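Read the single chain below, which is given as structure tokens and is the form predicted on its own.
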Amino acid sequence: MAEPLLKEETGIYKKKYPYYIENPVVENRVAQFLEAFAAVLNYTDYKPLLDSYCITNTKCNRCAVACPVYVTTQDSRDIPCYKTNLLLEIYKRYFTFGGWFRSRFLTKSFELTEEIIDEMLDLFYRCTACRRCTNECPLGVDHGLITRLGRYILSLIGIVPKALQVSVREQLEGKTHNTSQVPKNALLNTLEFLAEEIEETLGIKVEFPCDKVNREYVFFCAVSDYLLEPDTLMGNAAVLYAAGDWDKWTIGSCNYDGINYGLFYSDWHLENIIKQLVDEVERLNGKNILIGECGHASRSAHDFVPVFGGKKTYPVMNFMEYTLDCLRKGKIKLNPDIITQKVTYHDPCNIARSGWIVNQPREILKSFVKNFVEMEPNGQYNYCCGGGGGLVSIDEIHEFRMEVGGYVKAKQIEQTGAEIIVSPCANCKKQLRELVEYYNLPCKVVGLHDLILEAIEIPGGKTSEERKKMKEEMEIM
């Protein structure tokens, strides 16, 4: 694997990235930041958390060894403790009695400046918010949460990368209500096309259910699955059909995007996108929310539907949980002789760091993949792909994502010798594919259900062996 250009003389260690910001604030930023911070403290529950962090030791630096960014750059500014203390110092100085007292009676007192605001923008968006550092913190300080809080306050005064802002704006205010601006007619045409693909590939005739009421599951995937990851979506459909649950799910035509970029920088946007998702389930009178493979879409629904759904809270299930349940009950069969390549699995931080979805995909993979290898470390301690926290959507920091954020992950992949990387997350797939290309790694990135699509046995359809032979013949042609 080619080494990155990580040398002091390149400037990458200290380099600040020029984020594209719409209508950037240039005047009175300090006053505006403090006003926004005060509003957050007044209308949310962050204050008790900040108070508890202020009385603990948040400078031990044990988190440094866990951070893939710091491990790569060795820049003290990239230590999670350093970023956390930037915000805590502001809180202590301006929002606690002790800070007020020191500012009045001590000559050397911390002061928020324009330079510190610039530094927070740079450092909070160098962090992938993977929260691996939280696992290492002896006092349980959630540095990833503090990073998100800092981003939230900055966003309230208009300081946020344009890439994140545009996606959220389209979801909440646009005509399509999805991050990729896919209109309803395009969705319906795509579903019709995928039905034809399934008939040709699997030998079964299906029609994707849309706007069906009273179904067991209302399905939401990353909207990119409809256009960029069709094999993942067809794999989902194959499992539902083979399990005999085709009449138990539906896609909604008013809201069909599980992506929630509010998770990365704004509690306000996070809440309103969740409410939009819940409203769609209520419109269709569904019973459960079924999220596709996407890691951050799953976490935002799983963790925040109970918080922001109010009385309309619905149970949330990731599709891998559904597939594993079908596998254990014998409702689906996967042929262990189809996938012969060496396969590894990447744990998306949003579903693995908490321990929620770690063993489920591995149990599925090991049931039909004979040559499965692990990255080290893995599971809850696995490294971020380098595009977490929404960074994957920010094109102007591509160099950072490749040479800093994703360098450790690229090394992990290389050491496995895997030919296939399974990554059940839309953002991780994009980042990992760019890493594979950037470092010229001899492997490909797919979703879990992409492989299931190849190995699943479909009642009344073509066998997995027939499909494999047909695929090989197509490749020869």
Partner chain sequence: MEQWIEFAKGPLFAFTFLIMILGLARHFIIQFYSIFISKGKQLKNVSWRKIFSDMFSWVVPVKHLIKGTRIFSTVSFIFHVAAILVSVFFIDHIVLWQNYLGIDLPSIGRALADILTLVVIGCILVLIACRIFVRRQREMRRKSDYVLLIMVLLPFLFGFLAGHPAINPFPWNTAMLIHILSGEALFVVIPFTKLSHIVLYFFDRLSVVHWQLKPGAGDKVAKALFGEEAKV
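Remember, it's a predicted structure, so these values are computed and weren't measured experimentally. Residue numbers count along the first chain shown, from 1.
Another form, the form predicted in complex with the partner chain, is not on view; read the next lines as being about it.
Partner proximity in the predicted complex, defined as non-hydrogen atoms within 4.5 angstroms of the partner chain, places exactly one of 404-412, 418-426, 29-37, 441-449 at the interface: 29-37. Contact annotation: of the candidates Val278, Ile79, Ile397, Leu112, the single residue with a non-hydrogen atom within 4.5 angstroms of the partner chain in the predicted complex is Ile79.
The contact residue chosen from Phe304, Tyr217, Phe208, Tyr226 relative to the partner chain in the predicted complex is Phe304, the criterion being a non-hydrogen atom within 4.5 angstroms. If you check the partner chain in the predicted complex, you find a heavy atom from every one of Thr56, Leu145 and Arg299 within 4.5 Å. Taking the partner from the other structure, the partner chain in the predicted complex has a heavy atom within 4.5 Å of a heavy atom of Arg131.
The partner chain in the predicted complex is not approached by Val373, whose heavy atoms all lie more than 4.5 angstroms from it.
Interface residue remark: Asp325 is not counted as part of the site for the partner chain in the predicted complex, having no heavy atom within 4.5 Å. Interface residue remark: Cys349 is not counted as part of the site for the partner chain in the predicted complex, having no heavy atom within 4.5 Å.
Shown without its partner, the chain has Arg148, Tyr152, Leu156, Gln165, Val168 in segment 147-168 as residues with a non-hydrogen atom within 4.5 angstroms of the partner chain in the predicted complex.
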